[in-house]
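Structure 1 and structure 2 below are two forms of the same protein chain, each written out on its own as structure tokens.
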Structure 1
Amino acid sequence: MSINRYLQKYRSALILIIILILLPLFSSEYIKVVAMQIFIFGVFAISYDILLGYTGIASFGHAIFFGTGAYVSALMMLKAGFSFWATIPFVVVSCAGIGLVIGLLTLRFATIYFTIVTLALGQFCYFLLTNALTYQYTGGDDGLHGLPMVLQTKNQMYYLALAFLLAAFFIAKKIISSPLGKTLVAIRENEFRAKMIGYNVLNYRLIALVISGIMAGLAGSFNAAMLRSVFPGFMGASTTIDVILMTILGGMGSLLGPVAGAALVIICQQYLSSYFEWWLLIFGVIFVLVVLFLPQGLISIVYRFRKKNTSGGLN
């Protein structure tokens, strides 16, 4: 493909990336922080999409991974003097391990088992973090604070978060278009057929869970580094709920949708919640409507619109 055609095809993506690169030059600190949250939760939502959108299994405790990543990094940095980057391998290993254990326990059965067990496990982990027994390590409800800076300036952190999102997006894209990704979609579409053809459905789901778990864990650990604090809420139901909202509203099974969903949810949380007491009710109604009538999420409206007007889209 010639450079020109390439530019043409990815024009809007490039424009968006350039805007994001220039953003810190003319925006307030507050907007930068919000943007960083969007980038990190964007990765978290992408990880969720790999599981929900492409593999077709719903975790209701995805914050387990997010929280594990955050706490592993935070504890190792604070209590053992590790640098942020040195904690990453441990985050990867622990999240992969948790994914394997949960998956091996539950994925043999109907996937609803997985959903419920992850929900319960998420609550369990949350209680564990806030329990009196673990207070001396986890700081209980207060969380842990004063993590060392990863980079010197806010702007550098901003670019790190942006790079993290872009890297996660392209890795996820690679995975999805690899034979592995194709097989996951085939299983999601027709488990019966996939089994007949001889795919080991359990193994493929396990792989997806582990990949998703690792990515979510990394998002958690970047979040800890960004905020220089961790809170038990990272592990809690509200974090899981956020990621579900982001993925469904944005549009599952599209990678880009969940990132857009992350932006939407975080911006609404920042701005709407102070205006309307009942904005969550509206969110609930929109969520239900999307599930019923727009299963590809809000981003599918954009795609439909673009298809009509131009040829070639972001995908």
Structure 2
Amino acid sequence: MSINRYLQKYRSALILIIILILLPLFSSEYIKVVAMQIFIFGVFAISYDILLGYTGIASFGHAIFFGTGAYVSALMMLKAGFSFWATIPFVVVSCAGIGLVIGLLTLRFATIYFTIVTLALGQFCYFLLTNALTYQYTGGDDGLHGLPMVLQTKNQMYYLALAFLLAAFFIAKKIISSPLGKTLVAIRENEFRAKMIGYNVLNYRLIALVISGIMAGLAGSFNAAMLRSVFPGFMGASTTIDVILMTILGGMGSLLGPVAGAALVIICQQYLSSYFEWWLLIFGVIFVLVVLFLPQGLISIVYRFRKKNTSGGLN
């Protein structure tokens, strides 16, 4: 593909990236923090979309991985004196191990069983963090604070979060475009047919869960580094609900959709809650309207616009 054709094909994406790169130069500190939250939760939503949108598995305990990544990094930095970057391999191994255990115990059964068990495990982990027996390690309801700074300035943290999102998106895109990704979609569309042509559905679902769990754990780790704190809520049901809303609102089965959903949810949380006491009611109305008029999510607007322009060009 020539450079001109490449630039034309990805023009919108390149313009958006340039805007995001320039954003810290003319925005307030608050906007930078909100943008970093969108980047990090965008990765979290992408990880959930790999599980739900591409593999067809609904987890109600996905915050387990997000919280694990956050607490592993926080504990190793505060208790063992590790740098943030040195904790990353431990986050990957921990989340992969948890994904393997949960997957081996639940994925061989009906998907509804997996959904219920992950919900129960998520609540168990949440209460474990707030239990008096673990207070000296987890800080209980207060969480852990005072994590060492990863980078010195907000601008540097902003660019790190942006690079994290772009890297995660690129890796997820490669996975989904690979034979593995196409197999996951085939399993989602027709599990019985996938079994009949020889695919080991359990193994592929297990791989998807592990990949999704690692990505979610890394998002939790970066979130802890950005906030310099961790809280039990990172592993709570509300965090899982947030990521489900992000994925559905943005558009399942499209990696860009969950990022758009993350932006919508976080902007509503940050701004609507500042101006309206009943902001959850307003957000509920937005959710209903998106589901009714954009059943494929916010990303469907982009697809319709692109299709319209393509059709116009052909005429």
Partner chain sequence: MTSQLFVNILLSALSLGVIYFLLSSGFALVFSLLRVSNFSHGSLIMWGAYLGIYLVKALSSFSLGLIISAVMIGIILALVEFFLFRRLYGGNPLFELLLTFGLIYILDEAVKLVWGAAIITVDKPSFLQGTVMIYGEPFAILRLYIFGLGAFVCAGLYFLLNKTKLGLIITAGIENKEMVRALGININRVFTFVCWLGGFLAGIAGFVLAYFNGLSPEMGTNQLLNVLVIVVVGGLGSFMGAAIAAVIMGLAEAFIGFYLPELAVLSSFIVMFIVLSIKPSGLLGEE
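Treat the numbers as computed from the prediction; the structure is a model and nothing was measured. By convention here, residues take numbers in order along the sequence of structure 1, the first being 1. If you superpose the two forms and keep the largest set of C-alpha atoms that fall within 1.5 Å, you have the rigid core.
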item	value
Identity of the form predicted together with the partner chain, given as 1 or 2	1
Residue 31 C-alpha moves between structures 1 and 2 by 2 Å or more, core aligned	no
Core fit, then residue 292 C-alpha moves 2 Å or more between structures 1 and 2	yes
C-alpha of residue 280 off by 2 Å or more between structures 1 and 2 on rigid core	yes
